[in-house]
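Before any questions on how it binds or moves, here is one chain, the form predicted on its own, in structure tokens.
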């Protein structure tokens, strides 16, 4: 496909909210206790609730060696996040109700400890504890009106950029809409970035998730809505991902440190720009077939040569280099109803598709074209 060259357009983003502060480096998890205690002391001085909500990835359930490093008190609230499936609006509402049921309205802080699903869940809970209604009410841009509860993010896998973004993505099963709470209030107040925490990630998952950072940025740089700050973040993210995934050992100490930086920068990049064709198709796979976002991105890359030819070649070179197995054939023999659902769940993402293909993107992504692309996956 020969995409017409478009003029660079204004993203419309004039004010960017970054993470307030962060600790970075091997062993940085040791700094978490001081930040949590500071929040407890501050709450106590004003007569507020000193309790903390810990939102923990189920991967660490039973891992006493890891959980012992979290500064928990006996009266804190611990939520174990089931990451079998991606977050849903109903699931978020259920967790918020669980917090309120034990009498916590505004905790001293919320600590999100885990991967992108867990971090997004922590951000969503923080928003809903200070805003009325349900999660579905806030799917969209700048719908959250009240400042969220203070929150600290501790990523244990790199790539999604959830630690840096102003959104927390979830699916409304009733409407089929996969969209986040895009708001400045969604951004973490503090991060603890410790690459040692990613040492236990399964190899294929490490690759799939890490490639989310790469894909974010190749989409942003190929789009029409651009700005110099986002471009700078994107270029460095891609440089780091190339170093990691085209190198000899993508999970060495240095590679895990580089990928954690790439993840943060990639999330910062996408906060000032938009994704493109990959993410809408990936969302379709997630909504209709229940495939996790990051592996869905990698599956989608099977059909992206005409849209991102250079990145397509580089991506599959990295797959071969690292010996990763990307699922194949997941959308080749589906029902007409499933293909219709995939089409609807893809083309609904107007902002990224306009960014990539222009306002008439539906002329390119006809129903037959979309089905053809999914059958390549």
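Bear in mind that the values here come from a model prediction, so they are computed numbers and not experimental data. Numbering follows the first chain given and starts at 1.
FYI, the form predicted in complex with a further copy of the same chain isn't displayed, but the following is about it.
Here the marked residues 227, 232 and 257 all reach a further copy of the same chain in the predicted bound form, each with a heavy atom within 4.5 angstroms. Of the candidate stretches 286-294, 234-242, 124-132, 167-175, only 234-242 has residues whose heavy atoms lie within 4.5 Å of a further copy of the same chain in the predicted bound form. Although the partner is absent here, residue 361 sits far enough away that none of its heavy atoms falls within 4.5 Å of a further copy of the same chain in the predicted bound form. a further copy of the same chain in the predicted bound form is not approached by residue 156, whose heavy atoms all lie more than 4.5 angstroms from it. For the chain shown alone, residue 19 is a contact residue for a further copy of the same chain in the predicted bound form, at least one non-hydrogen atom being within 4.5 angstroms. A residue is said to contact a partner when one of its heavy atoms sits within 4.5 Å of a partner heavy atom; residue 354 fails this definition for a further copy of the same chain in the predicted bound form, lying far away. The contact residue chosen from 264, 138, 207, 281 relative to a further copy of the same chain in the predicted bound form is 264, the criterion being a non-hydrogen atom within 4.5 angstroms.
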